[in-house]
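Just one chain follows, in the form predicted on its own, and it is written as structure tokens.
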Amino acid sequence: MSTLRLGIIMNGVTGRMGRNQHLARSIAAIRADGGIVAGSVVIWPDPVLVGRDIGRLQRLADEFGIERVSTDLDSCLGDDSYQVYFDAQTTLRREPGVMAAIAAHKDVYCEKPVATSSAAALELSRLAVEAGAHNGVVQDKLFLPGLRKLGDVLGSGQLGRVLSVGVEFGYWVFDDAAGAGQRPSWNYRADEGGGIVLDMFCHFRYLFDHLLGAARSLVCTKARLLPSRVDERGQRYDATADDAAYALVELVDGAIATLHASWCVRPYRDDLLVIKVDGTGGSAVADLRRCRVQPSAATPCFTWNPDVPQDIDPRQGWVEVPDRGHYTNAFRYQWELFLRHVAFDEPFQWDLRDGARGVQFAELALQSFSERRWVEVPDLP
């Protein structure tokens, strides 16, 4: 077998998401398994870790067997031995990083949100297309085992006409030192690109576009429920960004979706993300790893009588969708798809324009809140 080396500039992997999901569980895991086998070729990812703190970069490199680190992004972008640029920086730093990479004729893969405005995100997409760059945006929720199973169920048609969708996401992010490390403090500072709407509504958009059905209109409200939090140094600071959001979304097929997203909720459900779909032929409920279905024939006949205990367990009568093979880490799964896209030009639909749709959805949610009304979800220009 021949080896195809792909040099990857990994910018921003000293952060929680970049380190855990993209470096440790994706690129380092792929390398530990000998690369990506594609027919008679092995794709070998060869990263350089880029950031601002050389000490933290070197410790990561030593931990994961990476040969090169750098604090000089421009030098790395000018190195022809690195074909791919990956960006997992904070939101405000992403747009200039991606723009510089496109100008340096790199293929681009980045976290979301792609930018802080849909106009800026669309401009990045335009520049990438004009440059002929392979480009992609992380849309990890689509590749979770539970949601892949839900996709199979929806694709089979067994739920019939979809009537409603419920999406619940969130957990309690501590506002004191007890929860140190749960989420970075910039997530709760509006001037640093924080806020749950900009973060999570980008996820919700690709779930609608690629799994649940396209959105036609929405109405949204948001809140800053906890007024202060504790940062990485143990110092209390004023939170300025929204930490909870709730929306109704009308889908193009007439179904209604409810969205609940909060970092101020104590979950009483099966997982931190749960999606329930009800249809005329049955229902399905999926979390990160599992999916269960209840067809019409197995739906119990409930009657309302608050004077006696309910004699039917609502959790009975659901059938778990079995695993179909091995499910790898969702971030790694999409990384492998993107690297095959770069290496062999295989199809990859989750591009920068798709990422711009997510930013647009967040903008529309914020517009709805500001104007206190329903807003339409138009096509991108």
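For every residue, the number given is its place in the sequence shown, counted from 1. Since we're looking at a predicted model, the values are computed, not measured.
The same protein also has a form predicted together with a further copy of the same chain, omitted here; what follows describes it.
Contact with a further copy of the same chain in the predicted bound form holds for all three of Ala247, Gln294 and Asp307, each having a heavy atom within 4.5 Å. Only one of Thr240, Ser164, Thr116, Thr90 lies close to a further copy of the same chain in the predicted bound form, with a heavy atom inside 4.5 Å, and it is Ser164.
Out of the listed residues Val219, Leu251, Ala120, Leu127, Val219 is the one that sits within 4.5 Å of a further copy of the same chain in the predicted bound form by at least one heavy atom. Taking the partner from elsewhere, Gln158 is found to have a heavy atom lying within 4.5 Å of a further copy of the same chain in the predicted bound form.
In the predicted bound form, a further copy of the same chain sits within 4.5 Å of a heavy atom of Ser283. Taking the partner from the other structure, a further copy of the same chain in the predicted bound form has no heavy atom within 4.5 Å of any heavy atom of Asp379. At the 4.5 Å threshold, heavy atoms of Asp209 stay clear of a further copy of the same chain in the predicted bound form, well away from it. The chain is drawn here without a further copy of the same chain; in the predicted bound form, the stretch among 270-278, 187-195, 101-109, 79-87 whose residues come within 4.5 Å of it by any heavy atom is 270-278. Residues of 345-381 that come within 4.5 Å of a further copy of the same chain in the predicted bound form, judged by any heavy atom, are Arg372, Arg373, Trp374, Glu376 in sequence order.
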